[in-house]
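One chain is shown next in C-alpha cells, namely the form predicted on its own.
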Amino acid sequence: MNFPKDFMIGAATAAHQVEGNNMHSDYWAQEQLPHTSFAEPSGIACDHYNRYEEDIRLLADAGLNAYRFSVEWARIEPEEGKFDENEIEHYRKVIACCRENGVEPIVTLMHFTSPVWLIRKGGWEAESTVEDFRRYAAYVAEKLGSELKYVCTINEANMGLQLAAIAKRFRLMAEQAAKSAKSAEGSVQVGMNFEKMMENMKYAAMENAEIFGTPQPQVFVSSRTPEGDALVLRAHRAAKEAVKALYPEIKVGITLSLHDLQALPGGEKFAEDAWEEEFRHYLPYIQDDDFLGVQNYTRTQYGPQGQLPAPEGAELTQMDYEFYPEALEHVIRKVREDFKGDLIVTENGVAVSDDSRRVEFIRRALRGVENCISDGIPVKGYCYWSLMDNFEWQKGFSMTFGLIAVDRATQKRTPKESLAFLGSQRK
C-alpha cells in the first residue's frame, strides 16, 4: 500500500494484559475475589514485563515502526503519593528499547487499570481523581517526557457510558431470555462477562466491600454516571496540561471506543443519538488536542426499534463482533466531520483462530485508511490490536487478537503470518 514515508504502522498492548503480576491494581484485586466475574486471573500474563526486549525486536524485525503500550499507574504509584523509582526506570528501558529498534513509542498513561488506593477513595466518580491523575501524569512526564513524542492520557474515555448502556440493555434482554447474553456482550468493544456478573452480583458486593471499602467500586470500566463521564474528561485535560507544562512539544491526545453506527430505514434517530453519546459530546474537551486516538473493531446497525444484532449469516469473531473491517474507514470519515486535528488509529483488530482471516481484516482495514489519507484526512498512524495474544480482561486468555501467539505454558512466542503481512505494508 502507498502510505506516507513517516506513517506509523505498529501494534498495541496494555500493561495489565501483557506484563503480569500487576498486584497493586484494581483489576488484580477483582480477579482474586471468590465470586469474580473474570474467567481466570491474569497471573504472569505474557511476562512482557521481563520479555519486552524480545517482543519489541519481533515487532521491529517484521517491519513495524511504532509500538503503543501503557505504563501501569499501580506499579508507578502503588501507594498514594509514593512513587516507585524502580518502576519508572523499567519503563524508561522499554522506551529505550523501542528507540534502539527504530520503533516510535506511543505511551498511554491509563489503560483501564487503576491503583487500589484510588478506588478506595471513590475511583472514577470521585472529584479527587482529577488531581490524583494530574499528579501521576506530571511525574511520568518529568521522568520520561524527554524520550517521548506521543502520549495518550486515557484509553477509551467513553467506555463507562458504553458499559452503562450495555448493562441496561443486557438486563432487559436477560429478563426476556437468558440466551440473549452472548449478543449483548458482542456489542461492546471490551471483554466482559455480563451473564456471570449478574449471577455473582450479591456475593461480589460483599467481597468488594472488603477489598475496596464499598460494595460497588467505581473502577474505570464501571457503568458511569454523566457526572463521572465529565470527570474523566477533566482528568484528561488536567493530565494534558501537566505534560505540556513540562514538554510542550509532546503531542497529547485521548482515545475513544468508536463503532461504525449505521442506520437502516427508521433507525436514523437511534444512530444519531448513539453517535452523540459515543463521540460528539466529548468535543468541547478534546477539540484542541494534538490528536485523537481512534479505536474501532466493528459496526452497529439500528432499525426502527433500536439496535440490531449482527445480520443473519454474518461472520462473527471470537468476541461475537461482526467481522467488518470496513468500519474503520467509515469511523475515520465520521470523526473528521467534527474533529480537525490529527488522527491515529490506536486500536483496530480482530479475535479469530484462523490467522488468514486476520490478514484479510488488516488488508481491508488498511485499504480504508489509505483511502482516507488520499482524501486529505490527516491519519498519522495505525496500531493493530494486539501485538500478542493476551489477557482479554474478564474473558481471560481465550480471545486471540494477537499478531504473535504465546504458549501459555512456556511463554514461547510464535509470530503469525499476520505480523509479517502488517510489517510488509510499510514497504
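Sequential numbering from 1, following the sequence displayed. It should be emphasised that the depicted structure is a prediction, and the values quoted were computed from it without experimental measurement.
Although it is not shown, the form predicted in complex with a small molecule is what the next lines describe.
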Practice problem: Sort through 92 to 100, 237 to 245, 107 to 115, 127 to 135 and report the only stretch with a non-hydrogen atom within 4.5 Å of the small molecule in the predicted bound form. | Solution: 107 to 115
Quiz item: If you check in the predicted bound form, is Val71 within 4.5 Å of the small molecule, heavy atoms only?
Solution: no
Quiz item: Taking heavy atoms only, is Asn155 within 4.5 angstroms of the small molecule in the predicted bound form?
Solution: yes
Quiz prompt | Distance check, Tyr67 to the small molecule in the predicted bound form, heavy atom within 4.5 Å | solution = no
Quiz item: in the predicted bound form, does Tyr297 have a heavy atom within 4.5 Å of the small molecule?
Solution: yes
Quiz prompt | Heavy atom of each of Gln17, Trp393 and Phe401 within 4.5 Å of the small molecule in the predicted bound form | solution = yes
